[in-house]
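Okay, here we've got a single chain as structure tokens, the form predicted on its own, with questions on binding and movement later.
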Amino acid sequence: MMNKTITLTGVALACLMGTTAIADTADKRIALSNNYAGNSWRQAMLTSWETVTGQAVADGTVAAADAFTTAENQVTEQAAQIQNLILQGYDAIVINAASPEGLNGAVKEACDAGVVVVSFDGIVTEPCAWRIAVDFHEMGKVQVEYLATRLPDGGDLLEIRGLAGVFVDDAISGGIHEGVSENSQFAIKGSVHGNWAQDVSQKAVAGILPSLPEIKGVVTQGGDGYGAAQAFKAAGRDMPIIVMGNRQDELAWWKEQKDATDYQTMSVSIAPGVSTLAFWVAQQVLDGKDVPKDLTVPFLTITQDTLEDNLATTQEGGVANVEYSLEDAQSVINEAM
């Protein structure tokens, strides 16, 4: 599991480097600027932020770690939010961005004002900011590669995309289409936007199913697998192999089907706790540490063999998750160096 690997690496580094005391960031204030909170992944991300940063504030590591979410998922709205956080005197702003380029002006304003900016999940391209990225393109591609092992003769696929206009959606979809181009036995026969939410996905899939041929596989982005399954069931269609996205409702449905019919699939997503890694990276930069501008974390994959263990540790309505400690962040930083 990813969290165990990172933790052990962090402990090993701590042993080699000596106990790392938290230096003088006790008076520093860090803000989270989040562009969207309308699905279980984003809610879990905010919960992880609150859990880890709340303890950091209680321990005196930082003075504040406040979270702010825009109402409309608009670039202009988030840019105005960032400008307001600069005026409020925050020392660092952690951003889950609505656009990789659209916020660059506001991000540059923050940097020019001496504010540390760390982006994650939805990253920004402004060079002055730090970026914590997952290879979302690869996350899309591995889904098709998995289907190729299960369906060597191929078949028709349905693609469920995320939130239109967001970098993550484009990157995952690009990986899916590259995977299909390299596995010509597959063809994408339909594509809908599910907004990373099971209710939206269910409605969108139900709307397109009557126009589709037999679907052998469904490639997804997270938060959409359970909704897709319900749409196929309601339509009386044969259940395809649906790639899941680590949500508890998806994992619970998969477990039920596995027990009943030996249904097999995989699940993949970025862990929502990546927000806590971004927090610690911001804290380390404020603490004067040398941190590379670009950091990469692996996505979290659940297999047929690890399903039960992950389901057991995922709260109802939540997402399979990894939360990061200071030692984990130091490990990621040192590996990137």
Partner chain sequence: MIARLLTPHSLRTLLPAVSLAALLAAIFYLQPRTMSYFGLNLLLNLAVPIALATVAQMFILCVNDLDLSLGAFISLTACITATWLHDTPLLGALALAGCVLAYAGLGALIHLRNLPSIVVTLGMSFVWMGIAVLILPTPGGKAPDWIRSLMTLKPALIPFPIIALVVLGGIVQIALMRSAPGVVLRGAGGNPQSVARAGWSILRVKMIMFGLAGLFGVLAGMALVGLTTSADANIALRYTLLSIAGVILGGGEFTGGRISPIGAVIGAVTLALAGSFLSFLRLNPDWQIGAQGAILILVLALRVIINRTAAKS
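Residue numbers count along the first chain shown, from 1. Everything numeric here is computed off the predicted structure, so don't read it as measured data.
There is another form of this protein, the form predicted together with the partner chain, and it is not shown here; the text below is about that form.
- Within this chain, N183 is remote from the site of the partner chain in the predicted complex, having no heavy atom within 4.5 Å.
- At the 4.5 Å threshold, heavy atoms of D66 reach the partner chain in the predicted complex.
- Put simply, M239 is far from the partner chain in the predicted complex: not one heavy atom of it is within 4.5 Å.
- Put simply, Y90 is close to the partner chain in the predicted complex: some heavy atom of it is within 4.5 Å.
- Heavy atoms of every residue among V75, A79 and E101 are located within 4.5 Å of the partner chain in the predicted complex.
- You can rule out all but one of 51-59, 299-307, 282-290, 66-74: in the predicted complex, only 66-74 has residues with a heavy atom within 4.5 Å of the partner chain.
- Listed residues E138, E178, D156, E109 were compared with the partner chain in the predicted complex; E109 is the one with a heavy atom within 4.5 Å.
- Between the options I123, A171, M266, I86, the residue in contact with the partner chain in the predicted complex by a heavy atom within 4.5 angstroms is I86.
- Residues of 244-274 are not found to place any heavy atom within 4.5 Å of the partner chain in the predicted complex.
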